[in-house]
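One chain is shown next in structure tokens, namely the form predicted alone.
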């Protein structure tokens, strides 16, 4: 599939279809050269209809409504929370990532309960302590900070006053989006009274309580989760009933079974998403909730439960889960999930990259080594880590290879002698050092001669190690270079 077409159910949406409904004035108020360019950006989800002021005019009212319907994703986008910390879930356009970029990375919610003490004591974790741990969980991965996104407040007491007290304190303690968890409408309303301004997710409506939960969702203007474990037909039936009742912002939880029912769980998630996107079933076109936290239900060894929760979460991420509810805060359990989420939700058409240019490490002087790498994020941050670990004072030239790694960039001509020469000139490194030695990666060795020629014979190219972990040993034996080298 090209970048200019995306699949929507059984049809294909092209820029021409969108263009025909635009004002076609080419006014450039949207920031694009013309309406066709704007149409392409709309189809690729790189801009929004709000960027076109002409569509706000009454004469284009019908066209705007048609455009909104045409561009609406098969999976409805739902907002949970308010302000800068709000999360958007759903909004998916395709089944498979290689077809088109996945949008709205799956938020991870960590649970707390209304029976936890506010402050911990005697080894017992307190509510506010756990909130701080959730907010403080952070991991730097190739220059990106990965963290947790939401808090799921579970009513284990089934006491409205206890639930309200817990929610009130959590609202004061954090701005993270909230999920209020109870099947009792009275308990749920007590929590909503304390948190409705934060637009929490109401979890959940069932066969038995759907009418009361629907009333709460409409009264407090909050999204509502539908819960029918292992029963996709009931999910669909409840979805239709709630839509007819007037609730439009729904999320679907078909149940998460972490033991014998795991294969059924994966199959149901897949079936629901396939029917929504490929089959155009609007009753199933809502974000899916996964609850790997169920791995903790039967107690047992905490490490075994955390491990099970982690691999189930990763599997659900791969099978269309739009929101995860988890329990463990252990780094070894959460990091695989966070990193997997990061990789799934990167744009497959745009490799993860860093800004090209000159980087300075330590306190280099005019005699310090000058090295080179590409702007592929994983390559760059690996090189950066190895340089910092060895406390090397040096200059590093990062060449723009459109986010391609060294070996692939050389093979695909994204890294060439001319590009290296251009980078040398643009960074002004010649004014910072007295020598004229450039160290290139071992995987780019075949460019050494061409690079010297492109630099007019003024620079000598030294071929460094193939792996950046070898940089310290290489510099120890090869720097400063001897004249004969």
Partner chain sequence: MEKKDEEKGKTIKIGPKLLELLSELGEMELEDVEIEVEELEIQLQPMTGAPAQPLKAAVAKPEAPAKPAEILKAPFKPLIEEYPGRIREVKLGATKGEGGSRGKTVIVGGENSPSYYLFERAPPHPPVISVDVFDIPISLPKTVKNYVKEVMGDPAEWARMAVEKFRADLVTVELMSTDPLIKDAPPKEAAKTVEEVLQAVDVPIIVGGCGDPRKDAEVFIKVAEVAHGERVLLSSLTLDMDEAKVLEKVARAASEHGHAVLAFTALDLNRAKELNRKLYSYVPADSIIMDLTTAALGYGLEYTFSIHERARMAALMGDEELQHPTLSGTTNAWAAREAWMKLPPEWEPRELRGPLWETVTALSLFLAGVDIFMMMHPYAIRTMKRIIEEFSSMGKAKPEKISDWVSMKI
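Positions refer to the first chain, counted from 1. Note that the coordinates shown come from a computational prediction; the quantities given were computed from them, not determined experimentally. By rigid core we mean the largest C-alpha set that fits within 1.5 Å across both forms.
Beyond what is shown, the protein has a form predicted in complex with its partner chain; the following relates to that form.
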Its partner chain contact in the predicted complex: residue 270, any heavy atom under 4.5 Å: yes
Its partner chain contact at residue 361 in the predicted complex, heavy atom, 4.5 Å: no
In the predicted complex, residue 227 touching its partner chain (heavy atom, 4.5 Å): yes
Contact of residue 138 with its partner chain in the predicted complex (heavy atom, 4.5 Å): yes
Partner-contacting position among 132, 350, 85, 119 - heavy atom within 4.5 Å of its partner chain in the predicted complex: 350
Of 375, 368, 106, 310, the one that lies within 4.5 Å of its partner chain in the predicted complex (heavy atoms): 310
Options 393 to 401, 86 to 94, 154 to 162, 68 to 76; stretch whose heavy atom lies within 4.5 Å of its partner chain in the predicted complex: 154 to 162
Heavy atom within 4.5 Å of its partner chain in the predicted complex - qualifying residues of 292 to 323: 293, 294, 296, 297, 303, 304, 307, 310, 311, 314, 315, 318, 319, 320
Per-residue C-alpha change between the shown form and the other one, residue 376, threshold 2 Å, rigid core fit: yes
Displaced residue check between the shown form and the other one: residue 463, CA, 2 Å or over, core reference: yes
Threshold 2 Å Cα movement between the shown form and the other one at residue 416, rigid core reference: yes
Closer or farther: C-alpha pair residue 331/residue 467 in the predicted complex, relative to this form, given a change of 3 Å or more: closer
